[in-house]
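To begin, one chain is listed below as structure tokens, in the form predicted alone.
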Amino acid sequence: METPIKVKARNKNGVTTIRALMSHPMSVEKKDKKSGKVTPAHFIQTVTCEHNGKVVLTAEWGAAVSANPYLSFKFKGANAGDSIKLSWVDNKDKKATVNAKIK
């Protein structure tokens, strides 16, 4: 099975850059024209990143975000070797989490 989150974390001159690629369909609600059946939306609702247990990012997303979303952000106060935890929860209560060390 493919890892649901791939993350890279690098520190340069006191600024840490997080880059993450998340595997998720991120689909909107659709109605089949022939059968009339509605396929419900399926999307990541909340993305959270923690640095050594402290939340440094919380993002609230909706169905308008593209499939397999890419997220990049920066923050200060971390050092090489520190840990980060990136996680998401979708609207069907599925979850994914990955832990990484800052390089």
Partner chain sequence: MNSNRRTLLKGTLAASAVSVAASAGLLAPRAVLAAGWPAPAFSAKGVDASLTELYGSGNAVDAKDIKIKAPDIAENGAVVPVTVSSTIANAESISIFVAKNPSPLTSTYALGSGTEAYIGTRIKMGKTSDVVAVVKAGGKLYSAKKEVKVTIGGCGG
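Positions refer to the first chain, counted from 1. All of these numbers come straight from a predicted model, not from anything done at the bench.
In what follows, reference is made to the form predicted in complex with the partner chain, a form of this protein that is not presented.
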Taking heavy atoms and a 4.5 Å cut-off, does residue 68 contact the partner chain in the predicted bound form? yes
With heavy atoms only and a cut-off of 4.5 Å, decide whether residue 15 touches the partner chain in the predicted bound form. yes
Close approach of residue 90 to the partner chain in the predicted bound form, 4.5 Å, heavy atom: yes
So, residue 52 and the partner chain: in the predicted bound form, are they within 4.5 Å at any heavy atom pair? no
Partner contacts in the predicted bound form for 73-87 (non-hydrogen atom within 4.5 angstroms of the partner chain): 73, 74, 75, 76
